[in-house]
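Quick heads-up: it's one chain on its own, the form predicted alone, in structure tokens.
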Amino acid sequence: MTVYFIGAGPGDPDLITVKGQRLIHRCPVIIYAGSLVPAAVLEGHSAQTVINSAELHLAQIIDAMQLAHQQGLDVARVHSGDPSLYGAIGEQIRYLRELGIPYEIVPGVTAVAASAALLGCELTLPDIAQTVILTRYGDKSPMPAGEQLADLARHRTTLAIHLGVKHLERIVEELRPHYGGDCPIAVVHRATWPDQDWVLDTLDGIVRQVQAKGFRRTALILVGHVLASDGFAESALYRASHAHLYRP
């Protein structure tokens, strides 16, 4: 028996991995994050038991896994995006280890990757940004020392900010001194869902645009000069003068 932590991807059922889909179809027990994972991801399953974890607290989720373990039944624990990022799997894994229950993590497509695809951009460009920082906005849950938004913004590289759209005005004020008011910023709402939408503007103009759209939650913020459509250098990899193992 194994508990499989499966990344369902950002929303579009076609973006789950083949392995993840196969496990959902095969496992006799499914525990899924119903507030974030669309029901279409579970289509085709033959599970005996399907549990929406949005209605449960941690102890109840662990109890369900432990019961499945006692019965020798594999569990598909389905999370949105990639479970290693803001998936709250660490606390579940800690209990599974204590209980001696085997587990495996099946990665998924992240909201960051889905948002970049919708925007039609690359998040790392020569001479502009070779680093992507994934973070969240600390409001009710404080950030660790050295991880305040202003600390990260000093790098002036590509930023992906989760759980921050409600605090967009404050975020813009914290970013502007480091990136400048003309820096591109995108807010992507429910990437790859049927009602997906997004806004691309500058730090100076984004708040007005997002207010007009009415985005309140389930949105990712991307910031950085990589979002501009021109003015960047070409990579060395495909330069005609650049030799390597496969192109001497």
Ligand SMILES: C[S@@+](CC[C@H](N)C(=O)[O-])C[C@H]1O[C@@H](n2cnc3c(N)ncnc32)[C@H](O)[C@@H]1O
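Quick caveat: nothing in here was measured; it's all calculated off a predicted structure. In case it trips you up, residue 1 is the first one in the sequence shown, and so on.
Just so you know, the form predicted in complex with the ligand exists too; it's not on screen, but the next bit is about it.
Q: What stretch, of 70-78, 96-104, 161-169, 138-146, brings heavy atoms to within 4.5 Å of the ligand in the predicted bound form?
A: Among the candidates, contact is made by 161-169.
Q: My question is simply whether H45 lines the interface with the ligand in the predicted bound form - judged by any non-hydrogen atom within 4.5 Å.
A: No.
Q: Indicate whether the ligand has at least one heavy atom within 4.5 Å of a heavy atom of V50 in the predicted bound form.
A: So V50 does not count as contacting the ligand.
Q: I'd like to know if L36 sits close to the ligand in the predicted bound form, meaning any non-hydrogen atom pair within 4.5 angstroms.
A: The answer is yes: L36 has a heavy atom within 4.5 Å of the ligand.
Q: How about I185 - does it come within 4.5 Å of the ligand in the predicted bound form, if we only consider non-hydrogen atoms?
A: Residue-level check for I185: no, no contact with the ligand.
Q: Note which of C27, V41, L220, M65 lies within 4.5 Å of the ligand in the predicted bound form, where distance is taken over heavy atoms; exactly one does.
A: None of the others qualify; the residue that does is L220.
Q: Select from the listed residues I133, L85, I128, A117 the one whose heavy atoms reach within 4.5 Å of the ligand in the predicted bound form.
A: Of the listed residues, the single hit is L85.
Q: Considering only 110-130, what residues come within 4.5 Å of the ligand in the predicted bound form, judged by heavy atoms?
A: Sequence-ordered list: T110, A111, S115.
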